[in-house]
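In the block that follows, a single chain appears as structure tokens, in the form predicted alone.
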């Protein structure tokens, strides 16, 4: 009877353990991403990048001997769905940490749940400043906040372009609003006069009224914070209206991915954009990841893919250092992270009003002959920038 009782207890315990995150030989990880809807391009890029990282990690023995098994939950880019997914992962699946999702609004929804339930959350791409300005203990962000996206671009503007005026166009999302506010602040610091500061609803089909207003002000720089389809349409309509400027600049996101060039065609030429990463950087493993992704998918990934790929390695490093896989021990280990990934250096700091925020250099890309090239800072540049850019009438 005693043996039977012990056997039943062992079977019961094994059932609980196997149904959770860590079965005997696997580490089951669910990741929220927008796999349908307007942000699906980014979600698919990140999904493929997570899968590349998992395959590599498993080929080298997994995480503490456990094979990483990934599942993906479709948030559809909707914060309310992201929140529901986070609640399910923590309350039902008993996952002691969360990584993922794409947009700032979805990341913000997950962050609130994670903090409320004292579960570590690694923000991978959400960039709105206030995600890591809430005095949260359990929310960590590997990507720079949007306020730091333009640091490399501002250096390029001050040293090369030296503009006196700027026009700002931005979409009405957390990311767009935050990026526009940062440019407004940077303009004030550097003495640039903001001639136009216009918000638009994402997915707009006609930017000509606001562009006509902008054209009359003749700004030196036109700075835009948009996702990919809006970014491409803005530049196509700028070309149609023959609006000239010293420089057309994007605040990363839609301007920094190959689809921008595919959709904007020749209107994309000479456009510069902030970016957090390039397939040309020399971080350990970056080139190998970029080439592997291109071989599988036909084009190089943007920084969003590199973030997702590196996020799994951050998790691996954290779990291998953690005393246990409890949420508290994982949080303690993540706070002590100090490593260099294919995306760049990762160290979670508390400074400048941020908590658990990673800070790093940002880059500038320029479209040259239909391809993004890294042009700034000089120490990371793969080719010299094209400036001054030709007026529309002088282009072939």
Partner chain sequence: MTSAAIEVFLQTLIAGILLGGLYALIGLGMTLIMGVMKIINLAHGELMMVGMYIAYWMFVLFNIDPYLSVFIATPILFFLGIALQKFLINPVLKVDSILPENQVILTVGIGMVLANLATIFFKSDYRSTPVSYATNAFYLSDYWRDSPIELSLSVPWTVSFVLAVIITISLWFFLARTDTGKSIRATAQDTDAALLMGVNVKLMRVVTFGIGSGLVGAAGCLFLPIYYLFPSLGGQFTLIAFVITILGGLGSTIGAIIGGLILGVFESMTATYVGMGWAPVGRFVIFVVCLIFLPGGVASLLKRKKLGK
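Numbering follows the first chain given and starts at 1. The model shown is predicted, which means the values in this text are computed figures rather than measured ones.
Separately, the form predicted together with its partner chain exists; it is not shown, and the next lines address it.
Peer 1: Its partner chain in the predicted bound form: within 4.5 Å of a heavy atom of each of 269, 377 and 391?
Peer 2: Verified in the predicted bound form; spot residues all out of contact, no.
Peer 1: Is the gap between residue 71 and its partner chain in the predicted bound form 4.5 Å or less for some heavy atom pair?
Peer 2: Residue 71: no, not in contact with its partner chain in the predicted bound form.
Peer 1: Would residue 210 count as a contact of its partner chain in the predicted bound form, using a 4.5 angstroms cut-off between non-hydrogen atoms?
Peer 2: Yes - in the predicted bound form, heavy atoms of residue 210 and its partner chain come within 4.5 Å of each other.
Peer 1: Taking the shortest heavy atom distance, is residue 286 within 4.5 Å of its partner chain in the predicted bound form?
Peer 2: Judged by the heavy-atom cut-off of 4.5 Å, residue 286 is well away from its partner chain in the predicted bound form.
Peer 1: Determine whether any heavy atom of residue 353 comes within 4.5 Å of a heavy atom of its partner chain in the predicted bound form, and answer yes or no.
Peer 2: Result no; residue 353 lies far from its partner chain in the predicted bound form.
Peer 1: Partner absent here, but in the predicted bound form, which of 342 to 350, 327 to 335, 55 to 63, 34 to 42 has residues with a heavy atom within 4.5 Å of its partner chain?
Peer 2: Stretch 34 to 42 is the one.
Peer 1: Quick check on this chain: which one of 229, 245, 290, 281 has a heavy atom within 4.5 Å of its partner chain in the predicted bound form?
Peer 2: Only one listed residue qualifies here, and that residue is 229.
Peer 1: Just one of 184, 91, 159, 198 has a heavy atom within 4.5 Å of its partner chain in the predicted bound form. Which one?
Peer 2: It is 198.
Peer 1: Note that its partner chain is not shown here; using its position in the predicted bound form, name the residues of 215 to 251 with a heavy atom within 4.5 Å of it, in sequence order.
Peer 2: Read in sequence order, the residues that approach its partner chain (within 4.5 Å, in the predicted bound form) are 215, 216, 229, 230, 233, 236, 237, 239, 240, 241, 242.
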